[in-house]
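Single chain ahead, written as structure tokens, the form predicted alone.
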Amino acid sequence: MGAKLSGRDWFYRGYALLIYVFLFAPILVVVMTSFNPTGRATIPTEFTLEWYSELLDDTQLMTALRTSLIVAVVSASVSALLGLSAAYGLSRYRLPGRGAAQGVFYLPMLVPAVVSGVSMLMWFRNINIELGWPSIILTHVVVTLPFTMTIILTSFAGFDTRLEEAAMDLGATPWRTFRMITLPLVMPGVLGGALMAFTLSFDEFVVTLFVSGGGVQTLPIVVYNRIRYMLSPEINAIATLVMGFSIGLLAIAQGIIIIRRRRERSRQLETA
């Protein structure tokens, strides 16, 4: 039989339950409304897919969705490549000012989004970069790179450099050693960082609003413009899809990290 819960235990459990209700109740309301035939934020007595069907016929929303997907894929790919390069350099080379250089990478995480948006807008105008696709992608790379690099750095933290040394002792070149030994071992961290960057880029709104220039509109910007004037049921439908997609990506990223940690523990037990 399990141990009897004390009054304090029940209090903590009830308090945690209230926090979860406070955090997730608005999300549940959006999800329920997307299936409500009336399109209102009430408990539906019947369920319908009408708003999802109308969503597919909404050209503006579908175009914005495609734009967000393209921007997120490109930004995540570039961020993963740069994050891998930065993580490799920071973990392998003990150069003067290494700690300061690593701190610079983390600055975008600390600066408020409004400040980042204004700064990026002024910078693009000073260097004559057109506002639109280039400015949005560059900005998203800057925003997501610290998160990607942090995740990849954790892969290098438990890396056994003796494997690289053994490969080079057997005649492998530095590039071949990196491609055949280093990259496969840190790949879970790279994939996890890329998935995190994709999610952050897809959901980014504040900074994108400053640097989009009005010509290119991502999904968060279109949704914001729609709800300023009317609350369309299609917004609830696409919000439900985006939430499910984002939660799925985060779950995959977390699963990759957990699998990597288990493999590291198994490797450590085998070598012990």
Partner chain sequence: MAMEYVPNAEAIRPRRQIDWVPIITLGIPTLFVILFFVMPIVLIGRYSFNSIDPVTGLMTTDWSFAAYERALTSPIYQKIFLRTLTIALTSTIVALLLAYPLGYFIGAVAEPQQQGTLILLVLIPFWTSYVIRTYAWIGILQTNGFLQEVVGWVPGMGGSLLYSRAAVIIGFVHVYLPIMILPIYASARNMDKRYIEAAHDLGASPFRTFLRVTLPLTSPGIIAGIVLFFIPVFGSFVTPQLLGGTGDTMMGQQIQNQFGEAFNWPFGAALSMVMTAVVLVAMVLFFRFADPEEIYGG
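Remember, predicted model here, so these are calculated numbers, not experimental data. Residue numbers count along the first chain shown, from 1.
As for the form predicted together with its partner chain, it is not shown, yet the points below apply to it.
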Next item on the list: With its partner chain left out of view, choose which of Ala72, Ile136, Ala80, Met196 has a non-hydrogen atom within 4.5 angstroms of it in the model of the complex.
Entry: Met196
Note to self: If we define contact as a non-hydrogen atom of the residue within 4.5 angstroms of the partner, is Val211 a contact of its partner chain in the model of the complex?
What the structure shows: no
Check: Would Asp203 count as touching its partner chain in the model of the complex under a 4.5 Å heavy atom rule?
Finding: yes
Next item on the list: State yes or no: in the model of the complex, is some non-hydrogen atom of Phe47 no more than 4.5 angstroms from a non-hydrogen atom of its partner chain?
Entry: no
Check: Might Val141 be said to contact its partner chain in the model of the complex, defining contact as any heavy atom within 4.5 Å?
Finding: yes
Next item on the list: Give, in sequence order, every residue of 103-124 that has a heavy atom within 4.5 Å of its partner chain in the model of the complex, or say none if there are no such residues.
Entry: Val104, Phe105, Leu107, Pro108, Leu110, Val111, Pro112, Val114, Val115, Ser116, Val118, Ser119, Met120, Met122, Trp123, Phe124
